Each structure stands twice: as structure tokens, then as C-alpha cells.
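Next up is one chain by itself, shown in C-alpha cells, the form predicted alone.
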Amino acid sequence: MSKKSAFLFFLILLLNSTLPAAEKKLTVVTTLFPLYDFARNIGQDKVAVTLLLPPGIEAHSYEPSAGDVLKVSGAEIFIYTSKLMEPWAEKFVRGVDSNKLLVVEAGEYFTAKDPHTWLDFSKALAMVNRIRDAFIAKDVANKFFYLATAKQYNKMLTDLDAEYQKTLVGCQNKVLIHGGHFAFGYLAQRYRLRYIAAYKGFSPEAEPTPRNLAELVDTIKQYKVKYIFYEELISPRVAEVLAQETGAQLLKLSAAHNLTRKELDRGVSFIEIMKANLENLKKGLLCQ
């Protein structure tokens, strides 16, 4: 070996011995988009987060596949909302062959029948903290990193809550008419709105009867409602019928269960979705 080759060989060995090993990331699988976004904001470059729900799929009708079992089998943390929101989750996890898996029910302590807990930002704070604690339990070496990022994200949620409070207090119309399933009860309660959904249940499959629709048309006319809200990834057919019968216009109000592929690829965030919601609420409820 020439002196030049020997020197280059020695230099490569030296560099390889001094370069830090690639940091192992915590592997996390979440069911719904809000949990996915909370997790990636808390974990940042310390975690690899996978969204179990395929883009564009409506959350309530989702059924996990055998491939999903494999995804979770290789993870260290599995996060779902609650037994009400994902009734399949507990049985699903029992089928996962993994001793290392930590299962987190982020909305465990909220006992109301409405499973859309993330739409009350005070409850979203608690969900963020449960995810934070799970990360620390699995990766104690980065404890103070997770504490700091969760605190920073919760500050964003707190600021968003204050923005909602300030904006919605001055609305001319306090009646939120929704041509979908009962998803926005927490949001309406927190900001003192009267919430009326066309679907009487929490599932989009609980379609309204003709009598329900007739009553809702009367309510829309009674309160001189100018806008009817529809939700993401669900056909706005009912909202369109109500609009045709009353002359009202349509506005989107996203519960953020899931995103389209295009939105996911673009990196749309939960905070971004909620700010867009606030702009539509401001318009639809005739806020100052």
C-alpha cells in the first residue's frame, strides 16, 4: 500500500470512529390525524410517527387490516383516542404480537359520550400531555426535550383557544347548523354556541329522517341562518338539501379526523385546520 493510500485509509477509519452513530428514533403509530400531529410536534426529530388511517378515509367507517397489525407490531407506542372513538382499538391491539408496545388511550379520562375530545382545546392539552408522558416513559434520555416541545405546543393550543374565545364572543348568530354527524358538541359548548347537527348520533351512518330534516329547515328559517356547515371527507348531500330548501350557503367545518393525500403531503397541521375553521365560523356566524 502506498503512503498516500495508507493515509486515506487511516483518515477514513478516524472519521468513522469519531462520527456519532445515527440516533435511533422512537417508533409511534397513531390512529387519527390529531394524535398524529400532536405526536410529531412533541417528538419532532426524535420520533418516527405513522398515521394508521389511510389518507382520505373517513374515520368512523375505518376497519384495520392485517397490514395494520404488522405496522403496529414493529412500533414502540400505539396511540388511539378512546374506546368510543375507535371501538376496534382494544381488540386490534390484542392481536399485535409485541411485548415492547406501549398502548396509550389519549382521551381515556373524558367520560362523555362525544368522542371528539380534541375539538375542546383544553382537552387537547391533556391529550398532548399523555402523549408526552408516553414518550418519556419509552425514551427517558430525551425527557427534557419532550417536556419542552409539549409545553411549546400547548402554548399554541392555549393561544388558539384565546383566539376562538375573542372571535366567537361577538357573533350576531349563535346557532351553529351542521349538516353532518354530531362532531362539534365540545367546540360549541366551550364557546357558548347552540349546536344543531342533522345526524342525531356521533356516527355519519346515523342519517337523519325526513322529519328531522323538516324540523331543521324550520329552525334554519326561524333563526335566519345564512350558512350551513359541512364536514371533511363526508358527502355534503344533507347539507346541500338543507341549503336548497332554505337558501343558505355552505361552509366547511373540519373535525380533523383525517386528511386527503394532498393535504398530508403538503404537511397541513391541526393548528392550521383549526384556524381555517375559525375563519369559516367567523363568516358563517356573522361575527364582528
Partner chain sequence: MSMFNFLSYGFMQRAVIAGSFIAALCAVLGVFLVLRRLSLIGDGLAHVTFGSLAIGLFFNTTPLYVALPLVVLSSLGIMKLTEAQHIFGDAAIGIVSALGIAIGVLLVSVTKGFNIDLFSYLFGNILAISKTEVAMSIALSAAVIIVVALFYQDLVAVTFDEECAQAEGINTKAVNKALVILTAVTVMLAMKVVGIMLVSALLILPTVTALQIAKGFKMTILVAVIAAVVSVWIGIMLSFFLDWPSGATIVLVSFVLLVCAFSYRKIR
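Note that this is a predicted model, so its numbers are computed, not measured. Positions refer to the first chain, counted from 1.
This next part talks about the form predicted in complex with its partner chain, which is not shown.
For the three marked residues, N212, V217 and K262, a heavy atom of each sits within 4.5 Å of its partner chain in the predicted bound form. Contact with its partner chain in the predicted bound form, defined as a heavy atom within 4.5 Å, holds for exactly one of L233, A48, L251, V69, namely L233. Using a 4.5 Å cutoff between non-hydrogen atoms, Q44 does not count as a contact of its partner chain in the predicted bound form. Mapping the unseen interface onto this chain, R237 counts among the residues with a heavy atom inside 4.5 Å of its partner chain in the predicted bound form. Using a 4.5 Å cutoff between non-hydrogen atoms, E207 counts as a contact of its partner chain in the predicted bound form.
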